[in-house]
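Heads up, what comes next is one protein chain in two forms, each shown on its own as structure tokens, labelled structure 1 and structure 2.
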Structure 1
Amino acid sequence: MRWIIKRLIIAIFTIYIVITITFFLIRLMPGNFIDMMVYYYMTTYGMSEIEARNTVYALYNVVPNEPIFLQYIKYLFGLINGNWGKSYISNKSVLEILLYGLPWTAFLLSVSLTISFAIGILLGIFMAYRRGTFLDSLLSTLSSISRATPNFILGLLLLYFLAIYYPIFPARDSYDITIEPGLSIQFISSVLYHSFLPMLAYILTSFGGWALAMRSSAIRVLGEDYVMAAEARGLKPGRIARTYVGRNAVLPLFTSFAISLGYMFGGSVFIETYFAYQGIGQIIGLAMSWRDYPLIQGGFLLITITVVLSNLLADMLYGLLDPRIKRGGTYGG
């Protein structure tokens, strides 16, 4: 119990530190939304700079020349009260905007991550048992290529060849806007159809990392005494692979998988932007382009919370999966 309380305190402190760094760091970025809108009103409506600034300040409820530390204090009190601020772009609640994009990103990347993880685990065990062979070298090379390829590069290639040059799949949107959203077969099919290319880009560029990590972990486990003892007892190879090798080799990867689940909620900015997929990644990308400070802060806060909580969950799951950690006193009673 003491271990959980200690980790929760560390998690809260970590979130606070990231909130603080993010708040000040994004304000060091060149340009800001208010200046962009002032320039827009000056060039579009022929206003003077003073008139344009007064209009923009009133429109977006901005206090001119407000000290940055006062803004910081107001932001912290707003978070404590559940107020994440309002987006400059849409004048909507930041939390409302993020919650709208969250299910789309969660669906897209959870499915992609789970499939890539499963493929990587199976390939990794297979390569470990075939280590030193031509097949192992071939699969290791393919996995290395997968790991080294940026998902946005492959996403662009898939978009060009399978959505534009050969229009097999749709090039944009999360579903066909002519279909009424709901639990109908037509809508679900449309969602799966539109998400196929983004998912494929993510899976093909991420399974290799899991495969190489699993291969390394499985080879280490294969040299353990308990595996050799199981082989000496005449147990079937399939049982040894599942019970002794696979289960113990996959344990170190669970932490990485859980942390990846946390990062998942930040979306994949480039992929979602390329395919106009209405998830968190596209929202953050749009907020960065417009220097929408409240929305940027909200996006990074969401990522921070999910990563910290997923890391905490990974530690707890690791203890459940490997009882030796409890006996070692990590949980502290």
Structure 2
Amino acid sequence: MRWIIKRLIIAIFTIYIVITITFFLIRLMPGNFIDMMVYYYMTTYGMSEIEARNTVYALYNVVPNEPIFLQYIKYLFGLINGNWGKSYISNKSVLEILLYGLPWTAFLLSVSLTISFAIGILLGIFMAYRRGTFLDSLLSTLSSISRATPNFILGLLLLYFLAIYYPIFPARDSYDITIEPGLSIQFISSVLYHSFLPMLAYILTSFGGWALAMRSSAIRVLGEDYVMAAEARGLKPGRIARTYVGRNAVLPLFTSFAISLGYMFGGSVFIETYFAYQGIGQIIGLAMSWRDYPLIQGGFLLITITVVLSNLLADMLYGLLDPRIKRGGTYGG
């Protein structure tokens, strides 16, 4: 219990730190962010300086000459109330834009993560049982290559070869825009068809890391006395592999969950940009090229919150599965 509360506090604190970073990054930006925005509104919309200034103040909740501390508090409350600022390219609410993209990215990443995790642990346990053989060394090599290949490069190669040069898969969008979105088989199959290459890019570049981690974890578990005892009791090898080796070897892998998800989110900026897939990654990519800071910061914040919450979920799962954690042995003490 104490352990989960501790994780919860750290999760909230992480989000708080990220909010603070984004706040001060904007405020500390040389050349004053507000002045920059005022200049932008003057040139883009042909407003007078006073007009532009008032617009910007209203948009970003700024009271002129307000102490920075008060601004900070206001910013915090604004975020909690869903006021994440406005994108200055589309003039829409940042949160609205991002929440539109989130489900697509979440779909892409959760499916890819699940599949690569599953492939990884199966391969890993297989390699651990066959350690030292030719097959093990071949699969380890493959896993290392998978782990080493940057996802954005693989994404680009897949796009070039399988969508453009040999147009087997669609090169853009998350579904066929001529189809009406809905729960139709047509729509769902179109979504799956369009997400195949992006997912392949994620899966092929992340199963290797899981496989290598699982392999060394499983080898460690295979050397434990309780596995030998289970073998001596004559339990079926399949059962030992599943309930004794598999279960105990998988647990330590949960700790790398956040890192892996964060890595994939980073990759989504490339992959969704390359495949013109309308998720958060593409939004951030576009925001970058337009230097739309509120949108960039908002995107970063939303990604962080997603990663932190998913990680908290993984931690809780870990806590439920591993009775040792409940005793609070791993932290402090």
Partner chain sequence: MVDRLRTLEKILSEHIYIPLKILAKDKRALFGLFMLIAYILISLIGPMIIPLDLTPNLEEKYLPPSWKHPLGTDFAGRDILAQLVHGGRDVLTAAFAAGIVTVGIGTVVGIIAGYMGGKIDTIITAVIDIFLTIPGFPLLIVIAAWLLQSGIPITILTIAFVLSITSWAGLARAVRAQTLSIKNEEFIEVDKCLGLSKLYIIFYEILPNLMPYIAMNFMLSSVSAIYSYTGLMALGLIPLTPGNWGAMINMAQAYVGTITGAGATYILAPSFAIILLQISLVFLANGIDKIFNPRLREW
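Numbers follow structure 1, counted from its first residue as 1. Definition used throughout: the rigid core is the maximal C-alpha set that superposes within 1.5 Å between two forms. Since the structure is predicted, the reported quantities are computational estimates derived from the model, not experimental observations.
Here, the chain labelled structure 2 is taken from the form predicted in complex with the partner chain. Comparing the forms between structures 1 and 2, the C-alpha position of I259 differs by 2 angstroms or more, with the core used for superposition. After superposition on the rigid core, the Cα of L70 moves by 2 Å or more between structures 1 and 2. Shown in the overlay between structures 1 and 2, fitted on the rigid core, is a CA shift at V307 of 2 Å or greater.
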